[in-house]
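The chain below stands alone, shown as structure tokens; this is the form predicted on its own.
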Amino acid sequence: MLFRKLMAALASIVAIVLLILVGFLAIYAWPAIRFNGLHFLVKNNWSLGFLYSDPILRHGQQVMPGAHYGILFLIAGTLLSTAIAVLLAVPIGVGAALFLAEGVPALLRPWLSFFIELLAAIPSVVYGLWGLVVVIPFLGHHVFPAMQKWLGFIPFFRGPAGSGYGLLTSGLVLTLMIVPLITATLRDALVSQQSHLRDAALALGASRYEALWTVQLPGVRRVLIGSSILATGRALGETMAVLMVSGNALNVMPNNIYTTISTMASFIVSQLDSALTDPTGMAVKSLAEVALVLCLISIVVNSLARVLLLYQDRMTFGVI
């Protein structure tokens, strides 16, 4: 009984820390929430105002003249880059996990798995530097012009192709960062499965591929969903790598896949120094509101994952 209470107390620390974090952000950003209203989420007009003028009183708050705060472009950049990363990373991660679990000789399997896990441990700034030095010139000079030429009939792939910075580049760098999370987690789940399920499918005449696809992979569906949501959270909150390859555009809505963007996490880092020069503190409080919105988006994503897992469980046991 004492052990169970101790484990419950330790497990509750995570929830308590989350509540404290959200509460702190809400309290600190409350003046900005009152000042910005709902237009904060639907406008593209982030501006610190005239910092060399005297503060004025507007909507009951002291702000700098000409100050406006709207983050629709940040929400769009964050969600679109994350969506690209997840759409690319999930099939690549699943394929890599299946290959490591079944297609690699047993002698090489631990070494290849080690390299996959090592990719997950590389600091994000290293990915960002690699993207800045290697990926951006390659995409800007070779890939993007070809995509514009051959896929330009699709509106979102229409030019101009730009210099290599932008939405697709951010999505590709994020893809490389989150694939190891999906691959390593799913590979461990596949290896830990009981072999008699696969053997039974093979005995019934299924090929090795059919046994893997119809028996083993459905058995780790929960692990796949969980690892995908974990990877989505990593992509939503990534900062330095995206800051270095996204172009850090201000008040720009993506109109094609090459457009320079900003994400919420990278924007907080890039704008913090400028925001600290605001003598009224409204700019920093608005950045805290950006952080609060990002935190709430992450909570919503994880909540949807829990609903999806519950639905899968009910389908599995025939409740629905």
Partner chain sequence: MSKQNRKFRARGAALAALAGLGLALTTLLLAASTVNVSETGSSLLYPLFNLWLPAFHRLHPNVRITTTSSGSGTGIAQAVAGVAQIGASDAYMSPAQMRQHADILNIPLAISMQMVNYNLPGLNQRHLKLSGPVLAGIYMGKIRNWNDGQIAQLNPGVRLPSHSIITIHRTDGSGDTFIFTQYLTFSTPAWKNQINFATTVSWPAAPGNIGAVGNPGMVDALKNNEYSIAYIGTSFESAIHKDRLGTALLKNRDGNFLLPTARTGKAAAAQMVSKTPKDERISLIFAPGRESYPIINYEYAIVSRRQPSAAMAAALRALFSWAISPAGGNAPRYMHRVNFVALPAPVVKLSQAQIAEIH
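Positions refer to the first chain, counted from 1. What you see is a predicted model; the values in this text were computed from it and never measured.
The form predicted together with the partner chain is left out here; the points below concern that form.
Although the partner is absent here, W30 is not a contact residue: none of its heavy atoms lies within 4.5 angstroms of the partner chain in the model of the complex. Contact annotation for G247: at least one heavy atom lies within 4.5 Å of the partner chain in the model of the complex.
The closest non-hydrogen atom of Q61 lies beyond 4.5 Å of the partner chain in the model of the complex.
Although the partner is absent here, G37 sits far enough away that none of its heavy atoms falls within 4.5 Å of the partner chain in the model of the complex.
Between the options V252, I268, C295, A26, the residue in contact with the partner chain in the model of the complex by a heavy atom within 4.5 angstroms is V252. A single residue from the set R208, R222, H196, H141 has any heavy atom within 4.5 angstroms of the partner chain in the model of the complex; that residue is H141.
With contact defined as any non-hydrogen atom lying within 4.5 angstroms of the partner chain in the model of the complex, the contacting residues in 259 to 276 are T260, S270, Q271, D273, S274, L276, given in sequence order.
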